[in-house]
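Only one chain is included here, represented as structure tokens and corresponding to the form predicted alone.
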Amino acid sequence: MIKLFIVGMPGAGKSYLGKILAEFLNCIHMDTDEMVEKRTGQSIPTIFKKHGESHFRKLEEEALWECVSIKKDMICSTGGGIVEKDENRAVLQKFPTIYIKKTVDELLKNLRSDQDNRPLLKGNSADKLEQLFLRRQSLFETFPSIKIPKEILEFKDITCLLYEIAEKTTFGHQMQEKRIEGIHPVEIKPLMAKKQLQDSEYVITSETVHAIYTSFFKEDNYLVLPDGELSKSRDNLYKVWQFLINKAVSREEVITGFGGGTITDITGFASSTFKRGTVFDFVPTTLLAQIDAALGGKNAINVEGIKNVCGTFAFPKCVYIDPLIVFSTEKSEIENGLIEGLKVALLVHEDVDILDSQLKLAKIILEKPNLHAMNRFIQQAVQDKMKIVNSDPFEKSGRKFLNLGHSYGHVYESTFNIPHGKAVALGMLKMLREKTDPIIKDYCVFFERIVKKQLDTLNTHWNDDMQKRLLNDKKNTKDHIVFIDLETPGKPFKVVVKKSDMQ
């Protein structure tokens, strides 16, 4: 059960942070001040005026105990003075509790428009606030402190705050999700990426991931590569090998790819070829990497502009999936992953309820993101992908159906520099948008919504360069181009076209 308490001075932002965390974590939010006002039918200034501060403190303590007894996932924002009573602090010490730390000047700025509702600050608010701060400061500091980075928090900020809270309290243990039994080598464990990285001796990562999660790395145990597809080059492959040689990495030591799909790709390729195969694992940071690139043992680099044309089949020791870390990426990265998860659902399931559920979760994640919806979407997507992979690990038969949308998608991706997920969505639309099946039509509407800005690509004149890329796609045979199509959900089939007919 999730239970987190927030303490701090008036104006620190306890209620704001509590509400936004509760919404993100799919919890209820309790506010002891609001509880007192609702129970008494009176505002806090009125309670102070009619009954005095001591009466209010008694009501406040009752509200705290009510929050403690609630048997639901909950984030509780407490009143500023709740820490002044020894018994209250003793209760809060039994639960994950964080102190929002702000300077007096920051507090004054936040309180300028709300002084009438702060009975302890009436009159000379600056002097009174400073006296109140000095009186309570040592009490607040008995709890681990955090700083809210800005007035309006984005999901990237929330992600980093939750990692910080998890590190400083027992809150991270509360959020651990049960491992998906039987889905080897995948573990879904929110808030565990830092521990995994600290256990690893050698880490390959990207510039952006390293900048966001600097504290996750041990000194001198990592190599930083460029962001995006630029990392999957021959030059960067050599850099990884050189890094491993310089570190004298043995075949038994673990190399961790910490980043998106391009990082897991090049890490897996470098590790599987270094000394004819070293041990590696992944901590994927994007949704697309978590449900696709890091799964299934396919590792590759790009050569001469052809995507994934050189690579290996080699499986990681383990893939550690943390749904929370996905929210530290841009919205476009999340969109790419949603496309991939829905694509695999269309391939695997005839069950309308499962297909409808995944589509609804995808819409929730886009419109009003929360960790619960993301976790459910990822778990289903991982199960779907691994069901295909486990039945055909080396892509000899059924796994080839995962290439739905890829033949055209890879051309769009490399020609127009469109992100992989959106390029695949365009490829699927080219194959599926005229289908009459109601589920396929619903999915296509969602894909069109995500690739709205790139839809004109489907009407682009097909030139010689695009034709060359299509003919060199790695899924083709010597004489034929192989496309994947859908009869209905769960019933994919191959379309084989002679290359000569495509000239």
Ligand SMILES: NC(=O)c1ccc[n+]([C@@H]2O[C@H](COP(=O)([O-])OP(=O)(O)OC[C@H]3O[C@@H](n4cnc5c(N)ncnc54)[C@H](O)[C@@H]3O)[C@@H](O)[C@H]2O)c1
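Here, rigid core means the biggest group of C-alpha atoms that superpose within 1.5 Å across both forms. Position 1 is the first residue in the sequence shown; the rest follow in order. On a predicted model such as this, the values are computed, not experimentally measured, just so you know.
Omitted here: the form predicted together with the named molecule. The next part is about that form.
**Q** Quick one: is Glu335 in contact with the named molecule in the model of the complex, heavy atoms, 4.5 Å cut-off?
**A** Heavy-atom contact with the named molecule at 4.5 Å: absent for Glu335.
**Q** Taking heavy atoms only, is Pro369 within 4.5 angstroms of the named molecule in the model of the complex?
**A** Pro369 lies outside the contact set for the named molecule.
**Q** So, Ala293 and the named molecule: in the model of the complex, are they within 4.5 Å at any heavy atom pair?
**A** Answer yes; at least one heavy atom of Ala293 falls within 4.5 Å of the named molecule in the model of the complex.
**Q** Taking the named molecule as it sits in the model of the complex, is Ala423 near enough to touch it, meaning that at least one heavy atom pair lies within 4.5 angstroms?
**A** Residue-level check for Ala423: no, no contact with the named molecule.
**Q** Select, from the options 165 to 173, 128 to 136, 359 to 367, 255 to 263, the stretch whose residues sit within 4.5 angstroms of the named molecule in the model of the complex by heavy atom distance.
**A** Only one stretch qualifies here: 255 to 263.
**Q** For the three residues Val209, Ile212 and Lys298, which mark the spot I'm curious about, does each lie within 4.5 Å of the named molecule in the model of the complex through at least one heavy atom?
**A** Verified in the model of the complex; spot residues all in contact, yes.
**Q** Just to be sure I understand the contacts: of Thr329, Gln380, Ser200, Asn88, which is the one whose heavy atoms reach within 4.5 angstroms of the named molecule in the model of the complex?
**A** Exactly one residue meets the criterion: Thr329.
**Q** Pick from Ile325, Cys76, Met428, Ile204: which has a non-hydrogen atom within 4.5 Å of the named molecule in the model of the complex?
**A** If I apply the 4.5 Å criterion carefully, the residue I get is Ile325.
**Q** Can you name the residues of 227 to 245 that have a non-hydrogen atom within 4.5 angstroms of the named molecule in the model of the complex?
**A** The stretch touches the partner through Asp227, Gly228, Glu229, Lys232.
**Q** Aligning on the rigid core, do we see the C-alpha of Lys298 shift 2 angstroms or more between this form and the one not shown?
**A** No, the C-alpha moves less than 2 Å.
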